[in-house]
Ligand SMILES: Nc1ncnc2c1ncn2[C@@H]1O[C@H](COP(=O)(O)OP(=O)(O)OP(=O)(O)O)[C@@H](O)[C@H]1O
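This document opens with one chain alone, in structure tokens, the form predicted on its own.
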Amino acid sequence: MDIEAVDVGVLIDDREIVAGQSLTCRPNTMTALVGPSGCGKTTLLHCVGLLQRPTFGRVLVDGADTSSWSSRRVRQFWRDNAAFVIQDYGIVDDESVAYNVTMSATLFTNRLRADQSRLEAALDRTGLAGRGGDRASHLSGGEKQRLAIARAIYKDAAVVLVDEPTASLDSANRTLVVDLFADRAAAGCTVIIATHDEEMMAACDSLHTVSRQRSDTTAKVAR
């Protein structure tokens, strides 16, 4: 899916958080939102992911202006098309790895209602094969981040939004996570990542500098 921000600006308590941000994110690509801490990367990510309405400007999804979308329509977008991988993983520690990937269970019995082959494929792809029955609290930080990515793979999300995914990871897990997002883009996803990690930036197709001034997006030389 094409995700486009057009002159997006955000005011919070009369304070300008971002201003005049315009960028286009396309399938088969990774776009990095970059800039110093406090520049508004996460705010812009929330806007392009329809989690926050901009004060100014528009966000388009496949050319459709989302300004007038109802809350129900936004929820449908997230249910059918999008996944969010956040810095603190968004994992339910007391549930199983399999539950955290599929986010589905029958009432009362907690028995999974899931596509088992898709579940196993998502766990295998993220290096968590055979861990479906483990409690999520038993995973390391790097494994929890990969578990969050497995959820996006299981969902087959067309749009993957990511907030500082490598901030607390060691070098080995950082490389694994970067490669997993690159694979998502290669599979046709639109991947948008707020990051300050140089390894992640190097893997992206374009860098968008977020600021309270006019936006700047730089397409990178093909790798």
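Counting begins at 1, following the sequence as shown. Just so it is clear, the model here is predicted, and its values are computed rather than measured.
In what follows, reference is made to the form predicted in complex with the ligand, a form of this protein that is not presented.
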Q. Among Thr42, Thr29, Asn173, Thr66, which has at least one heavy atom within 4.5 Å of the ligand in the predicted bound form?
A. Thr42
Q) Does at least one non-hydrogen atom of Ile12 fall within 4.5 angstroms of the ligand in the predicted bound form? A) yes
Q) Heavy atoms within 4.5 Å of the ligand in the predicted bound form: does Glu164 have any? A) yes
Q) Do His196 and the ligand share at least one heavy atom pair within 4.5 Å in the predicted bound form? A) yes
(Q) Taking the ligand as it sits in the predicted bound form, is Ser37 in contact with it (heavy atom to heavy atom, 4.5 Å or less)? (A) yes
Q.
So if I measure heavy atom distances to the ligand in the predicted bound form, which of the stretches 178-186, 152-160, 55-63, 42-50 falls within 4.5 Å?
A. 42-50
